[in-house]
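This document starts with one chain, in the form predicted alone, laid out as structure tokens.
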Amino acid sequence: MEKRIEYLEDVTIRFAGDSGDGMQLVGAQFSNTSGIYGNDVNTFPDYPSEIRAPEGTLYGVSAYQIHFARHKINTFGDFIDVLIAMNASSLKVNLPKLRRGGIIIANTAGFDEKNLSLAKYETNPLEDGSLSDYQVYKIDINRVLTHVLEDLNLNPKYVDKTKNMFALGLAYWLFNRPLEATENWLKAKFAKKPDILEANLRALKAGWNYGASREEFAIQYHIPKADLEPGIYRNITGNEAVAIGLVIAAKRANLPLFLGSYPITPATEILHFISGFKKFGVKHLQAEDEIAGICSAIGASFGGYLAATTTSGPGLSLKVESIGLAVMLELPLIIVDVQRAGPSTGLPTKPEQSDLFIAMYGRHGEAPLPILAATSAADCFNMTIEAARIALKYMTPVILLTDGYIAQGTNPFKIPKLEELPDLTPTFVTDPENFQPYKRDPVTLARLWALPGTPGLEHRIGGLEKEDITGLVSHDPLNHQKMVEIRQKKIDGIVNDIPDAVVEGEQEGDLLIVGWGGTYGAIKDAFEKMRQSGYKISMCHLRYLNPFPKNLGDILKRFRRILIPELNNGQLRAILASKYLVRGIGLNKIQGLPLKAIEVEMKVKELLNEVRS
């Protein structure tokens, strides 16, 4: 059957169903395949906090959104172009996100009386005309698969589990994606289960063939390869980028790596990924609690390891006392906080920029430390390397902030050459003559790092205040003030070792958008779209939060108004106000959802319209 081919610049597709329908799995496969094909990709896994929410319920909907394009993209897409809905609830939850005229592919088996009731539909939306503004394709996927797999004599529940592969195969046909990568993945995953392998391979091909053979699917959409910078690329999640970044940082520092962590959503995957690098000499501990995790890492750092601990908001709260200990000991330590919605347990699987205050201020006493923030999944690698550089050079714990969106979403990562990365090799003191544990480098103010067991370099460290130079316990009031001031001066001095903040657009004027961390993509896309439309606006995105870049204050003074989009109630806005006396305008989204470019664009237009009026 001859099909019409339509070429597009970019598309956003969303797979949605119950928690057990495998939407995260097929979404990841579609993302990986699109990356292999050569598109730029940005994704958003969106799933409930329950381990297995009740089937068919509105709050049990799990989804995976993929934005893929022939050009550079920075977000997971403001609106959905294609929604694949496995049941009534997945349609109802996601329909408001679907653009008018968009495509709905609905599994009619999930729209029976029970599912309609759970979704709180009084009538079937596939039949009552309420979806007339969309292109609706109704398929009884379960019935098709029962026929395709009938000779395998599988348990009906296994037949039902393959419907996600049918949906994936159909999506591959719709957008001209190859099947080979997913076929190879299935062969590896089910190598010891030939009947399950055969069922999934058949379901995948059945989805492709359905699109190719059915008259109603008259158009196949082609999104050409993106014109990316030459190099070797792979799709990567932020959590995987952090794990690889830690391993590479240890390699560049010529140190063994130790990760001490307690599992917590959405940071747990870093621990999982690290456990796969044992062949590189990596050591890890899945501790019994958050405190044990960070204390084991502090001990490893004392012993000469590049040490790290990973967590999310509630875990960072539990680590606070031990972070203060690491500040007092002045040992290098990387603390990765994958932020999620709070307070307390909050929304464990949802993103938020909720921990800037606790990272900046959340310790008793004067306990300053550097704070960095990654802007994307791929940037998590870069900022992990940078966190290691600063920690080792300045002998200090460093907090790296990511969030659930960039940690579990994906985008293409250009694999760097090892020799292009900075040399992170630290200098251990080896000469016992005149050794003192708190003797400092005159430039960085980093104290000496001596390995325990080195003859002549015996020393003690602990949580009580240290005497300057000797490191002996001291309760002298003047010494305490001196040590507090030295530790602060050391962190303040890092400002001379980080890049200046960069303003894009007008270098001075009316409106500057200032963001930090994972909101970069939404701000960047909104900024570029509005600049192309002739708006004179500017943006400045921060990856260094303590200390701030040394030119930030001068930048803020050059603009009449400062718009600060954040996934919190105004934490960066409050910090900038206290430090630079600027009265920022907040765009605060606290919904457990990433920021969208359209939200930034609408706020900017609102502000500019105020000026015109």
Partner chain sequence: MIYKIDEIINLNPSPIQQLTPKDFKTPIDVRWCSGCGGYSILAQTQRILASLGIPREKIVFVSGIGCSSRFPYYVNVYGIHSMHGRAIAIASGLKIARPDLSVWIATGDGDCLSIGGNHFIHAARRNVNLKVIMFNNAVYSLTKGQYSPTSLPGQITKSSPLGVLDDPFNPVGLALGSGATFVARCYDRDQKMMQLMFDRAARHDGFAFIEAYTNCVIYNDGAFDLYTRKESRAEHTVLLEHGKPLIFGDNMDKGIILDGFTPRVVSLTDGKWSVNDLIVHNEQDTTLAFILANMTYNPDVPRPMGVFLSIRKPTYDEKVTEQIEFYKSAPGAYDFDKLLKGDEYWELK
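Because the structure is predicted, anything quoted here is derived from the model rather than measured. Positions refer to the first chain, counted from 1.
Not on display, but discussed next: the form predicted together with its partner chain.
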- From the list L197, I291, I469, V484, which entry has a heavy atom within 4.5 Å of its partner chain in the predicted bound form? I291
- Name the single residue among P96, G101, P452, G365 that comes within 4.5 Å of its partner chain in the predicted bound form, judging by heavy atoms. P452
- Name the stretch: of 133-141, 83-91, 355-363, 417-425, exactly one has residues whose heavy atoms fall within 4.5 Å of its partner chain in the predicted bound form. 417-425
- Message: Against its partner chain in the predicted bound form, would L347 count as a contact residue? Criterion: heavy atoms within 4.5 Å.
- Response: no
- Message: Can you work out whether C295 and its partner chain are in contact in the predicted bound form, taking contact to mean some heavy atom pair no more than 4.5 Å apart?
- Response: yes
- Message: Within 4.5 Å, heavy atoms only: does A526 come near its partner chain in the predicted bound form?
- Response: no
- Query: Hey, in the predicted bound form, does G27 get a heavy atom within 4.5 angstroms of its partner chain?
  - Reply: no
- Query: Do heavy atoms from each of G38, A300 and G303 fall within 4.5 Å of its partner chain in the predicted bound form?
  - Reply: yes
- Task: Residue by residue through 278-293, tell me which have a non-hydrogen atom within 4.5 angstroms of its partner chain in the predicted bound form.
- Result: K278, K279, F280, G281, V282, K283, H284, L285, Q286, A287, E288, D289, I291, A292
